[in-house]
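This document opens with one chain alone, in structure tokens, the form predicted on its own.
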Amino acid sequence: MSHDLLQMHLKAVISCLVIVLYKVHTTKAGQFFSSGHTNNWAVLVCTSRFWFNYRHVANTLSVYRSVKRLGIPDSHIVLMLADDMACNYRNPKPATVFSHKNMELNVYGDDVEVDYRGYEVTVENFLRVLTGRLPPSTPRSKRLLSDDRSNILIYLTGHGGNGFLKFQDSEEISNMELADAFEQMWQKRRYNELLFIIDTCQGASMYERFYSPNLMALASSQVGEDSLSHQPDLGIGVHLMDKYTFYLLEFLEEVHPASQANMNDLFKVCPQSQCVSTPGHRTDLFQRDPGSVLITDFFGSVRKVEITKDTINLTSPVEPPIKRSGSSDIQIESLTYVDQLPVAEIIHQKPKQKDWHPPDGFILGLWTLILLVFFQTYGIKHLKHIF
């Protein structure tokens, strides 16, 4: 009798465990499919020219590096840089753009694909990319080929004010123009969900006029506030990044493709104690709860999986050359796909150790110490022997 009772208890415990595991897996599966998107795109725009705006290029390249590391390929990224800081003659370390004064993380990388550069970065071209109103001769690499199942990340950085963002100090885009462009995208079924991030002065003013559904927006500063720069570098002579994007990059470096971090975690990036300005966000147009929206829904990439019951032979991926009938000399080699984005290498990429860089004020303090020792030893009357 006791043996039968024990078996009944074991069956009850096993049934409870099965139900719990089923609910857990169902919840995770539901969270995975809740966004309803099948592909990811990113439009990353730096609107500033000239060397003193080095930080804006570094901002954009930092986000570019992060989305590539998390799986979005270059074919789904439209990168717009108004200036080429890596090849600027003032750059003491050519072909590099650094995000930190210790020179550890080169955000320019080895395989940057810039789609719009220099004077191609205009308000007109930006709006044409968003709305798809491009000339037929425009190559695929310069097009946003999204659809109604696409999640799109749009990142802007540069100089702005209340209700506008400047493009290369010659023109600007207003918050109403941007809102209308997003509405055109929605009407033309060019996105499923859209995440808008802007790092500029009075950035929150740029999303005040948004009225299209499934839009979530973040800004580095409120109306009336400046978005401040971060980390001046004596060797390069300019600030390396803006505060908001610096802490955004620091946050994204801890995110991996399987991460469960959500948008509420992103909202906490760079509080006022760090940014000095007050970051803002807007979620009233977004249909889902931000707490259920994973960071990788916008910064990562959806992998298409096809389930099949057929047996596939993977031992010989390259087929032998095909011979044409009637000709024994001419052979046509079968076409194969080349390796694309090395995702595994990018995910495990570690910052390389660079040359030691003196901290701020180190050289000035050293000269002050030398002069004090000289005056203490020889006095001011021997000063003429130095100069």
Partner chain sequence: MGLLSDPNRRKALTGLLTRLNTPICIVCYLAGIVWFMGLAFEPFTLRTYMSENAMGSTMVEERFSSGERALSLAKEFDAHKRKAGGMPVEWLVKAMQSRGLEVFTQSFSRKLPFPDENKERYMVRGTNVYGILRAPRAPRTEALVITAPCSPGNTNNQAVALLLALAQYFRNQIYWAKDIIFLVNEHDLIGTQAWLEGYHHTNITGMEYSPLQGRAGSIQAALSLELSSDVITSLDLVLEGLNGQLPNLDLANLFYAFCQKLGVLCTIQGKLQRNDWDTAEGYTHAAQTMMLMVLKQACGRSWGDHGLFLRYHIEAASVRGINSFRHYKTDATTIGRLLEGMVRKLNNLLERLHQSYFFYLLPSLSRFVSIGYYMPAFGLLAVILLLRALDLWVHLGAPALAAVDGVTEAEQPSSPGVLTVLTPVVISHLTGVALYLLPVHLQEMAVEHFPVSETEAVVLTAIAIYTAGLALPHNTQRALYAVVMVLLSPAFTILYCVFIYQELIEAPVSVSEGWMLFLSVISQGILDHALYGSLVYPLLALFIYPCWLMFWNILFWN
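What you see is a predicted model; the values in this text were computed from it and never measured. Residue numbers count along the first chain shown, from 1.
Just so you know, the form predicted in complex with the partner chain exists too; it's not on screen, but the next bit is about it.
With the partner omitted from this view, the residue of P73, G132, G237, G161 that lies near the partner chain in the predicted complex is G237 [heavy atom within 4.5 Å].
None of Q187, Q287, Q260, N88 but one reaches within 4.5 angstroms of the partner chain in the predicted complex through a heavy atom, and that residue is N88. Note on the interface: of 213 to 221, 88 to 96, 199 to 207, 149 to 157, the segment with non-hydrogen atoms within 4.5 angstroms of the partner chain in the predicted complex is 88 to 96. The partner chain is not drawn, but in the predicted complex it has a heavy atom within 4.5 Å of P232.
Although the partner is absent from this view, F52 contacts the partner chain in the predicted complex, with a non-hydrogen atom inside 4.5 angstroms. Within 4.5 angstroms of the partner chain in the predicted complex, the stretch 118 to 144 places no non-hydrogen atom at all.
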